[in-house]
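Here's a solo chain for you in structure tokens, the form predicted on its own.
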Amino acid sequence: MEEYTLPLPLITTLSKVFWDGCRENKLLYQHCRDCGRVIFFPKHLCPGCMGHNLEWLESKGKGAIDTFTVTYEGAPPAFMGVTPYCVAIIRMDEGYRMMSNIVDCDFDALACEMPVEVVFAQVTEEITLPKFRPAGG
């Protein structure tokens, strides 16, 4: 495995289930059994009803681009070597939003509402990052 030099997410006791899922190529999110709210990023209690009756569900990994930006230059120092790159807010079919990279595509062809699907990039032994590409790509 090639050495990964970009910043890595911090795995906490709260986020460990999410990151363990990514390592198994599963995109997980939380659901409140009491009020039905969909929750992302992991929380200890439901931000809707303040309940603790949360469960983990597996996402189908499908969504659409809400908004995005492509960085061609002026990136933070850690990311200078990977330009251009795209960061997007993805609206998942299950009803939550998450930030990720869009990969494997022509950045000039990206558009809001474009359907996307998750792909997983193992960057270290512990970390597999969920990224997205245009659906069907």
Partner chain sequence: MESIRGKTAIVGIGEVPTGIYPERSFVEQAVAVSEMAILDAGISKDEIDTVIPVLAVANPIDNANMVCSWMVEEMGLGGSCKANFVCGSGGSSSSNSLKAAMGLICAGLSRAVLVVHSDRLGTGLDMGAAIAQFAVVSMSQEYEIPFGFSQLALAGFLQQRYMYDTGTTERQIASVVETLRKWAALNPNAMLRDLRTADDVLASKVISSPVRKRMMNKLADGASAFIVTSAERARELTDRPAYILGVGSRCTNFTATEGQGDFYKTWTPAADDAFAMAGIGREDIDVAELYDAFPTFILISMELVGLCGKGEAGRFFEEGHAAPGGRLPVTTNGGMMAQGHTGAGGGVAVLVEAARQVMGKAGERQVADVKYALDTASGGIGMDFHVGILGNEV
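Positions refer to the first chain, counted from 1. Since we're looking at a predicted model, the values are computed, not measured.
We do not show the form predicted together with the partner chain, though everything after this point is about it.
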Though only this chain appears here, would residue 48 touch the partner chain in the predicted bound form if you measure heavy atom gaps against 4.5 Å?
-> no
Counting only non-hydrogen atoms and a 4.5 angstroms cut-off, does residue 36 reach the partner chain in the predicted bound form?
-> no
Does residue 129 reach the partner chain in the predicted bound form, with heavy atoms at most 4.5 Å apart?
-> yes
Hey, in the predicted bound form, does residue 76 get a heavy atom within 4.5 angstroms of the partner chain?
-> yes
Across 101-121, which residues bring a heavy atom to within 4.5 Å of the partner chain in the predicted bound form?
-> 101, 112, 113
